[in-house]
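Take a look at this one chain, the form predicted on its own, written out in structure tokens.
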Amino acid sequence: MLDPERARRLAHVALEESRAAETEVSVTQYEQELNRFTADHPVQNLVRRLARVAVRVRVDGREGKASTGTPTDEAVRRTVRRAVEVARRMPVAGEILPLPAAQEGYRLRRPDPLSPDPGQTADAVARMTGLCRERGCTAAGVKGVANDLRLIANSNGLEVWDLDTQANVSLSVFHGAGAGWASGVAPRRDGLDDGAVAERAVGKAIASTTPDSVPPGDYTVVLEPAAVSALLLFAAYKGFGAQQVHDGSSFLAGKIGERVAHESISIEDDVHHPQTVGHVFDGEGVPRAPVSLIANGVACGVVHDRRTAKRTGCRTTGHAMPQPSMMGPLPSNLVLAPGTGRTDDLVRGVDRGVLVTEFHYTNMVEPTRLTLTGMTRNGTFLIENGVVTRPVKNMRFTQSLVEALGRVAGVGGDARLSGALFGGHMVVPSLAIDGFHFTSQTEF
């Protein structure tokens, strides 16, 4: 596993076997160590290794795709033949772009793999769970490392590979009726501070033990990075892609060059940011370029794949999904420029508001205004006169993210890599936002 020469050999086997007009091969080697635990005992400790070879071919204007999880020469040859057979049974495709040729100027990410180390993981888990027990808390968590080697090669001479590494920890802590949560993700094992994650989660759980109800309505909120990422995920999915802008479903449709957020908001997509993770090329093997999306509140760009770039007469930014795909290009490494100070500094500027640790079950209601609904979770607190005074029961919100970004009252300097749903990651700070609309309260 994690052998680029082996991945290259499998790709070459596929290319040599194929008699199609064009052939693309994607080889993935994935290795993960995962430890699930409670405060009292380990639940699961595993190391898993997976490999996958996907083949896409073009025959007489038709496209076919097949894949295998058996990384042997014969299995790859069978997969090529199956892809060709699929293509022959497909209708003639519409617009088909030639596969990309060899790329120049790559800045590849090839760090040392994060070797699974169950002993080191067990020690870190013991320190976190020991703190939970000392404070009278129960807990459940996940800690692990993952390596994802990806290679893309095609019959037009493209061949590129890189290695994405991630270390992560997520800890949910409970104290009576109180719940707290914290997490961390980094491209290096030493980039995680497990003790700090445990301290944050335990502190929030203990502080949340006796939550009060507050009426729904409009509040100034201070959103910690995890809550910010849960909202921006939907801007990535349904806002910053050229296809969504072109078909009018994006909040940026017809707005490029116009103000769409508070002047303190600047967002870019940059896979080379030192805090982020991910592969530096897209689903077709094209390098991901940094793209400024919003600069000082003004919409200034979107991400492209080769299809949308051809349609609009510009260059691809390297944001294609694995093909074929109906989704169009999507950003994968959003970076929200930080301000100054910490979350506490944002809190001090709030007369009456709500501090939100994270959002849960967030979903989109309407895309052109990025209207979202969801619930607070694992640490929601009332702010009065610049001080966090007491825990409050969770609340449901329904809020346009476009309107919220226009009412930003402060941007923290605490930008960090934060996970979002569906495996996404982005570098975001805390935000203070005026007039955030909560529609109802819960019983917990």
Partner chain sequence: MKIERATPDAVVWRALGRRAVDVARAAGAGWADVRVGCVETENLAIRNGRVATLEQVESVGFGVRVLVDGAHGFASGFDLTREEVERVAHLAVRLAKAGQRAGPERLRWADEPAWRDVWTSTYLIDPFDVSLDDKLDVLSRADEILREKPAITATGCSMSFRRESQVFLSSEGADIEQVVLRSGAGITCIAHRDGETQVRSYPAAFGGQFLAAGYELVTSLDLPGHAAALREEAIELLSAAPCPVADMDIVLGGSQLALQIHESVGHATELDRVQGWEANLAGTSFVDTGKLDGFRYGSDIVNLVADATVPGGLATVGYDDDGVRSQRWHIVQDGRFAGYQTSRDVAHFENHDRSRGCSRAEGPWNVPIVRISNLSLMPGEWTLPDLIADTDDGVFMDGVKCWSIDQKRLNFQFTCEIGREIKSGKLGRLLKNPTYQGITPQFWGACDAICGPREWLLWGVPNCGKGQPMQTAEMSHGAAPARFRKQAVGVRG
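Positions refer to the first chain, counted from 1. What you see is a predicted model; the values in this text were computed from it and never measured.
This next part talks about the form predicted in complex with its partner chain, which is not shown.
- Judged against its partner chain in the predicted complex with a 4.5 angstroms heavy atom cut-off, the residues T165, N385 and S400 are out of contact without exception.
- Between its partner chain and the residues T220, T276, S266, Q243, the one pair within 4.5 Å by heavy atoms in the predicted complex involves Q243.
- Of the residues V298, V291, V86, L99, just one reaches its partner chain in the predicted complex with a heavy atom at 4.5 Å or closer; this is V86.
- Of the stretches 339-347, 190-198, 258-266, 360-368, only 360-368 has residues with a heavy atom within 4.5 Å of its partner chain in the predicted complex.
- Contact check for R78: a non-hydrogen atom falls within 4.5 Å of its partner chain in the predicted complex.
- The closest heavy atom approach of T129 to its partner chain in the predicted complex falls within 4.5 Å.
- Within this chain, M90 lines the site of its partner chain in the predicted complex, having a heavy atom no more than 4.5 Å away.
- Although the partner is absent here, F281 is not a contact residue: none of its heavy atoms lies within 4.5 angstroms of its partner chain in the predicted complex.
- Although its partner chain is not shown here, in the predicted complex the stretch 95-118 places heavy atoms of just one residue, P118, within 4.5 Å of it.
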